[in-house]
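Next up is one chain by itself, shown in structure tokens, the form predicted alone.
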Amino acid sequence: MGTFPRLGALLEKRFTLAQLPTPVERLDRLSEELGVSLYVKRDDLTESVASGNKIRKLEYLLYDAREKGCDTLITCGGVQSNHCRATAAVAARMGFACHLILRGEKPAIPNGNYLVDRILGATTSFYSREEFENLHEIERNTVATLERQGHKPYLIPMGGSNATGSLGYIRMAEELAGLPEPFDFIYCALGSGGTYAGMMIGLKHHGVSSRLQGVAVCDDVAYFEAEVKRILQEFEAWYGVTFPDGLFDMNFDDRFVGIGYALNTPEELKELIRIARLEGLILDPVYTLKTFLGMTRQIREGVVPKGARVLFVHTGGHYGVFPKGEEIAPLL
């Protein structure tokens, strides 16, 4: 039944799109190096083309779109957005059209996630970073244009981060609750806030006492506090699920954004290579690499005590490595 009974029925309203549950694997050499028992939740294995954390959210968002009779998905992100690629993939799989609102310049030659978007048949429009600041207006205009063309569009927010999408990570917490031993700490990336919000609710709902720690890859602590609170408010307004005041602790660290979202220093990329060669684990430069570096710093700082059981949620994003080829090649 869980802590919040109303969630039970909501968690059933999904399409089965991901390969679940994803495995949990121990990282032996990094465990020895860091003095903790370090594990990785392989959410990079949720699917092949739609791999990563977004497909868990999209299981619920596409169900909602189909229930509302929509035929076209609209979403947004950077040119190399993992979320946009996953949306394009599940749209093609489930028979929806898909339009992507992309921040940045159109590549001369499609590569990485954007190449996959095009292969999957998604249509795209490009906006500068300055124009993207008026995203809500762009979304309204895109919806209106598609409606005039006879479509019924369904708008998915950036990262799929709303109450509906967060159901995917409430459900993921059930996989953690079924493990033989609990973890003391769980780390995940903060990109749009929906994965963290879902896990935060899910851990309470399924009775898991682990401390959830989010590492920001963009923006700051104040931004993510506001975004997670917004998602909690959506649960109350949309679904009548009420969360008592003071129930949740929000543990955010914004020290690892570095030189900017989707930008990397050579030192960061050297760590990506070192981790890959040490454990055979490929992290993506935008999300999981920075989160992993934040986690290891906290372990070394003593935020995580020696001997603790730690779980790193690998939210995928492998396609993001390929556009970084010119930056990575000199470091190999």
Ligand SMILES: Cc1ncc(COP(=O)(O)O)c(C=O)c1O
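From 1 onward, residues are counted along the sequence shown. This structure is a prediction, so every number in the text was calculated from the model and none was measured.
One more form of this protein exists, namely the form predicted together with this ligand; it is left out here, but the text below deals with it.
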Notebook entry, point to check: Any of the heavy atoms of C76 lying within 4.5 Å of this ligand in the predicted complex?
Noted result: no
Check: According to a 4.5 angstroms non-hydrogen atom cut-off, is T195 in contact with this ligand in the predicted complex?
Finding: yes
Next item on the list: Indicate whether G214 is a 4.5 Å heavy atom neighbour of this ligand in the predicted complex.
Entry: no
Check: Is the gap between T164 and this ligand in the predicted complex 4.5 Å or less for some heavy atom pair?
Finding: no
Check: In terms of non-hydrogen atoms within 4.5 angstroms, which of the given stretches 29-37, 280-288, 263-271, 65-73 touches this ligand in the predicted complex?
Finding: 280-288
Notebook entry, point to check: Looking at A189, I156, M172, M200, which is the one with a non-hydrogen atom within 4.5 Å of this ligand in the predicted complex?
Noted result: A189
Next item on the list: Sequence order please: the residues of 311-329 with a heavy atom within 4.5 Å of this ligand in the predicted complex.
Entry: T315, G316, G317
